[in-house]
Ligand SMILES: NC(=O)c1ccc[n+]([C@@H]2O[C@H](COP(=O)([O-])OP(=O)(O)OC[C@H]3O[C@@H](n4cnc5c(N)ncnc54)[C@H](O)[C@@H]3O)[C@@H](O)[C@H]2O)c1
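Let's start with one chain on its own, the form predicted on its own, as structure tokens.
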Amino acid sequence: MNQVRIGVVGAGWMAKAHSTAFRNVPMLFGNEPAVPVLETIADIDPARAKAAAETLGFNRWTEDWRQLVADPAVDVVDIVTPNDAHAEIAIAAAKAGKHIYCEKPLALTAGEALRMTEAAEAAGVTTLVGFNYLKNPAQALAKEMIEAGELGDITQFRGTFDQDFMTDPTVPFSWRHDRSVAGSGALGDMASHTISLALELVGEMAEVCGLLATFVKQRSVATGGSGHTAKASADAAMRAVENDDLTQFLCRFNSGALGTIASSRIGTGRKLWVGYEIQGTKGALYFTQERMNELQFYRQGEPARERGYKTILTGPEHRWYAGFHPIAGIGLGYNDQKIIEARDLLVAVATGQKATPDFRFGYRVDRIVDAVLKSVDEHRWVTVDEIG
């Protein structure tokens, strides 16, 4: 039986999502063309690394990611660290001939992302970036419909990603608020997902014009936990938030279609409002991850008295779904998208095929993020080609 041996760098909640995804792949999709082996996990906190290894079922653990990268028993280096560590680990993994799975955003800057991409391409290794919302069967259907011309010529893309998990000002400061570690806030952390949907479904962007704002100016310093699990005491010191709570930008696609993308981590009332409306000359699509098993479709050619959006429930006729359920409408969840992502990586590594979205795609997303940042700084429209 062919095996793909996984080494995970980082032992936070995303490590749990990735590890459980790998463990579930054989149960849902079978043992071919390869089965994953959770070989080792690394974290700078040895207690957390040890606990994660025991809980998630890794063969061993280490507090040094360099040992993991150099380990001949590791085939895939899976990076789930804060954003500032992605580039160093990925480039080292590429030089060691390891395949690489990296959470989004790929890097702090497009320049870093390009170096990561070129290192991986020079080494000939398989890469995958964790834009897991692309692995929803609804998105595979949307792409098929657009490519088949069912929407006609695309005229407009409206994209969103709002969550209200940071609306409460008592949520403590974490690495996600530190510009040197996270990069941008709502833009890089959240809107990057929406950008990935726009690139996948509509195509390349030519130019952008953006805004950013920070509404919660200070947060208490965390005394425990990390990222979304950070905790602070009542008397904790305060620290200035260094990146954006909210972003909005206009864009023009190479095709001529126009677009808007908005994202907020203080989006009151929204839990996982990542989605879009795509309008074309023959029809339109609407999707939100809050109702992730539904795709809304409007066809212009229907009789006038019957026109309006209809609901398509995902089912076994749609890509990936049959691995989970034989009947439409039962529905998938967030972690199922991670299972699909892990399965696609395993297939690519085992067969020598390209995985998608790869590092080159992640670099394309980071170019747009940097173009929006440049637009905000310089108060003007910025072409994506200005970003190297």
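A quick note: this is a predicted structure, and the numbers were derived from the prediction, not measured. Quick note: we count residues from 1 along the sequence shown, nothing fancier.
Below, we turn to the form predicted in complex with this ligand, even though it does not appear here.
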| query | Is every one of Met14, Pro105 and His193 in contact with this ligand in the model of the complex, taking contact as a heavy atom within 4.5 Å? | reply | yes
| Option touching this ligand, based on a heavy atom within 4.5 Å in the model of the complex, out of Trp61, Trp65, Phe324, Tyr363 | Trp65
| task | Consider the chain as shown here, without its partner, and state which of His86, His99, His177, Arg265 has a heavy atom within 4.5 Å of this ligand in the model of the complex. | result | His86
| According to a 4.5 angstroms non-hydrogen atom cut-off, is Pro82 in contact with this ligand in the model of the complex? | yes
| field | Any non-hydrogen atom of Leu28 within 4.5 angstroms of this ligand in the model of the complex | value | no
| query | Might Gly185 be said to contact this ligand in the model of the complex, defining contact as any heavy atom within 4.5 Å? | reply | no
| field | 4.5 angstroms heavy atom contact with this ligand in the model of the complex for Ile340 | value | no
| message | Just to confirm the contact call: exactly one of 234-242, 253-261, 124-132, 149-157 touches this ligand in the model of the complex at a 4.5 Å heavy atom cutoff, so which is it? | response | 124-132
| query | Along 304-334, which positions have a non-hydrogen atom within 4.5 Å of this ligand in the model of the complex? | reply | Tyr334
